[in-house]
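Here's a solo chain for you in structure tokens, the form predicted alone.
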Amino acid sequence: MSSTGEELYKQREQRFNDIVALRRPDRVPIVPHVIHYFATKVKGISNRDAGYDHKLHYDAIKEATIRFGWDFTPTNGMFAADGYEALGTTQLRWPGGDLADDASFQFVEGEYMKADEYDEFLADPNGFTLTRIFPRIAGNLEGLGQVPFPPLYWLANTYYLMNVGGPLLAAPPVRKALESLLAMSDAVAGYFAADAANAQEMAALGYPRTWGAPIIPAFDMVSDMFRSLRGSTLDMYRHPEQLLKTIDLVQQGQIALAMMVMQVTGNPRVFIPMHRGAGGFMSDEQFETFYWPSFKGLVMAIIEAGGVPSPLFEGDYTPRLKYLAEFPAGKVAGHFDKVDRKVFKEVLGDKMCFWGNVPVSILCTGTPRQVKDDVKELVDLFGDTGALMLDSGLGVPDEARPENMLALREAADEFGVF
């Protein structure tokens, strides 16, 4: 790093840490949580090219970070389209796959684990994932479900590993699946090489990366990835005990993954995307039974390991603020999509910083004046503590108007200097 870049980096990190810890900073920063296609759209790059040409995409993110005056460089929320292609994934659709070049990528929700398969999953989660879920989410992995794999402990000796495992791996459907996984690995290696180069370059210029890796809460993991919203909702009534056992099992894995990514990335900020916990998805009683215990456990584990949990509270979290008050003060970087700001201040003003919440609708369809008015409202509300970081409700919107993103910077400079 140059001395200027190093000093800027330290200042920005310290400002973020001070705000999370509820210490009044010198000014309000702009910290975009995540970015997808905005930077490449501004440059006229197609969404398809953004997914396949990783250096091109990261160069665009660098330019956008500098042009729009962000204090942190946002973490790229897209992944390697060539990796999707290698897997033949059916769980995701992407531009350049079966979508138009300028479409946005899409997650295809489904019941990738059936209601009558809970016991099978709980008995052997690794084997079930390998032979049931993998073939259901990726066409090129179908062969893993066509061969009768034995329990892996059968192969815990050289004789069986060679003479049972060898022929299994040589079966054409399995070989195709293994080759697809290796091709996916090569694609992801290229993506992460571009990612690492960007992180290093931006750090030298004085820009920290917003977060290191995402960790999905246990209930969301079961609902998003295994059972679907429909399935998990029915399971709260029809299969509550099996659902809770599965949440407990997944919780162990998610906490272990959080510990690993903090160590691997060196970034203490752990992004926690919240999909099913907002008001309207379930009653308070269901939230207290199925969602809150595991989510709270994940957040506390990250705190105890020295990390900074950064939940993205998607949807309206006003009804859930009373639960968030249970977290220790000054330890959670809460990013809000929709919430009653005044109620937040009353309930959590001395517990948690306020991050985000500039409406996506204003940034995409409003005027620079509307952006500035909204920022002024935020600063007026939180200016006494300064525990505020600016961003939209959901990171940088793909369709944000460039003039509105510039107005966000101007408003921070006009109203947010203490």
Partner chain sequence: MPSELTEAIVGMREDEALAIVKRELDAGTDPAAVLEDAKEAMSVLGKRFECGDAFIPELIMGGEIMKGIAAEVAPHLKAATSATTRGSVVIGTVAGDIHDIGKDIVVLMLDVNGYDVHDLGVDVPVEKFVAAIREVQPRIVGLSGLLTLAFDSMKATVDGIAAAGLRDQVKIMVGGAPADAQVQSYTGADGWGNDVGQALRLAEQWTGGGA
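Numbering follows the first chain given and starts at 1. Since we're looking at a predicted model, the values are computed, not measured.
Separately, the form predicted together with its partner chain exists; it is not shown, and the next lines address it.
Comment: its partner chain is not present in this chain, but in the predicted bound form one of 45, 64, 378, 360 has a heavy atom within 4.5 Å of it, namely 360. The contact with its partner chain in the predicted bound form, taken as any heavy atom within 4.5 Å, belongs to 109 out of 109, 179, 124, 186. Contact check for residue 167: no non-hydrogen atom falls within 4.5 Å of its partner chain in the predicted bound form.
The closest non-hydrogen atom of residue 280 lies within 4.5 Å of its partner chain in the predicted bound form. Contact check for residue 236: a heavy atom falls within 4.5 Å of its partner chain in the predicted bound form. Within 4.5 Å of some heavy atom of its partner chain in the predicted bound form lies at least one heavy atom of residue 364. Picking from 256-264, 304-312, 112-120, 236-244 the stretch near its partner chain in the predicted bound form, with a 4.5 Å limit on heavy atoms, gives 236-244. Against its partner chain in the predicted bound form, the set 286, 370 and 398 is in full contact: each member has a heavy atom within 4.5 Å.
Contact residues in stretch 5-43 (any heavy atom within 4.5 Å of its partner chain, taken in the predicted bound form) are absent; none meets the cut-off.
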